[in-house]
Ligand code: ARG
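Just one chain follows, in the form predicted alone, and it is written as structure tokens.
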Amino acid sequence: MNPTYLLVAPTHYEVSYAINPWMRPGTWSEDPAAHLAEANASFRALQAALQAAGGTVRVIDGAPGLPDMVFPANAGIVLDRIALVAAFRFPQRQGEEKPFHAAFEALRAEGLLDRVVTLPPGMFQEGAGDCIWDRTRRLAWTGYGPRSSPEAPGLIAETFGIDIVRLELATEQFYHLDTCFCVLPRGEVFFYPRAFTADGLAEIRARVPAELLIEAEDDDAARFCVNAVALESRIVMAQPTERLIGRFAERGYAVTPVDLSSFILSGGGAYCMTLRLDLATR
């Protein structure tokens, strides 16, 4: 079965505020029309790359005034036909909760989901950006700190009946787990060590053999290469260096580069722009 990804069209995309260190509203405002045209071209390129790699893509519309809906990885966690809808920490993104909830309910009405679950009041959890399923180890890696609440990983474990590993994020720059941590289909973990606390790093190294750890360098992280989508032997990511492409080639992975610079202006890359809809724990 082909992996299925939800994408949100960038019709209403812009960079109009700054809630992470990457966001550049001043750069966007210099030529909004040109940046939006670039964003639309990048979106089409990402969609084509996912389809060429064997993925199925479903595209929904965003909403005016909610530019970061183009990053549906933060919309919720979908696992075993259950959707846990995100609750956002920053007011600028809280308006996304209602339309994403409606999108999940529409998928349930289609028969693609069985249940749609909401978080308890006062808890923040920003979707698959802070919850990455690891099919090799049969667990979810869960991030918390800058965006998701410390108690959110426990609720994820309870909701889906799964084992989780808690990873505390150490910086505002790498504010979601998906910006600094990528699980590959054969069990390797591509990660940026500087994004984690000492305890978080210890958890990673205790659970993943050294030969399966791929450490990202500073420029890999700055290019949002860790924020990648891996489909079996192919990895779709924002423009990597030739050095990084070679590192993955040595392990049998082919990299499809996509120019996502217009979305990196808002602090998101390939993984942020997708939400996997068909993940199953069994």
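The first residue of the shown sequence is 1; numbering continues from there. What you see is a predicted model, and the numbers here were worked out from it, not measured in a lab.
Another form exists, predicted in complex with the named molecule; not displayed. Remarks below refer to it.
- Message: Can you work out which of 191, 196, 175, 100 has a heavy atom no more than 4.5 Å from the named molecule in the model of the complex?
- Response: It is 175 that has a heavy atom within 4.5 Å of the partner.
Listed range touching the named molecule, judged in the model of the complex by heavy atoms within 4.5 Å, from 25 to 33, 46 to 54, 63 to 71, 210 to 218:
Contact-bearing stretch, as computed: 63 to 71.
| query | Does residue 129 reach the named molecule in the model of the complex, with heavy atoms at most 4.5 Å apart? | reply | Heavy-atom contact with the named molecule at 4.5 Å: present for residue 129.
- Verify the contact flag for residue 260: yes if a non-hydrogen atom of it lies within 4.5 Å of a non-hydrogen atom of the named molecule in the model of the complex, no if not. Contact check for residue 260: no, nothing within 4.5 Å of the named molecule in the model of the complex.
Is there any non-hydrogen atom of residue 179 lying within 4.5 Å of the named molecule in the model of the complex?
-> Residue 179: yes, in contact with the named molecule in the model of the complex.
Review point. Could you tell me if residue 11 has a non-hydrogen atom within 4.5 Å of the named molecule in the model of the complex?
Key: Outside the cut-off, so no.
Next on the checklist: For the stretch 240 to 273, I need every residue with any heavy atom inside 4.5 Å of the named molecule in the model of the complex, listed N to C.
Outcome noted: In sequence order, 266, 267, 268, 272 come within 4.5 Å of the partner.
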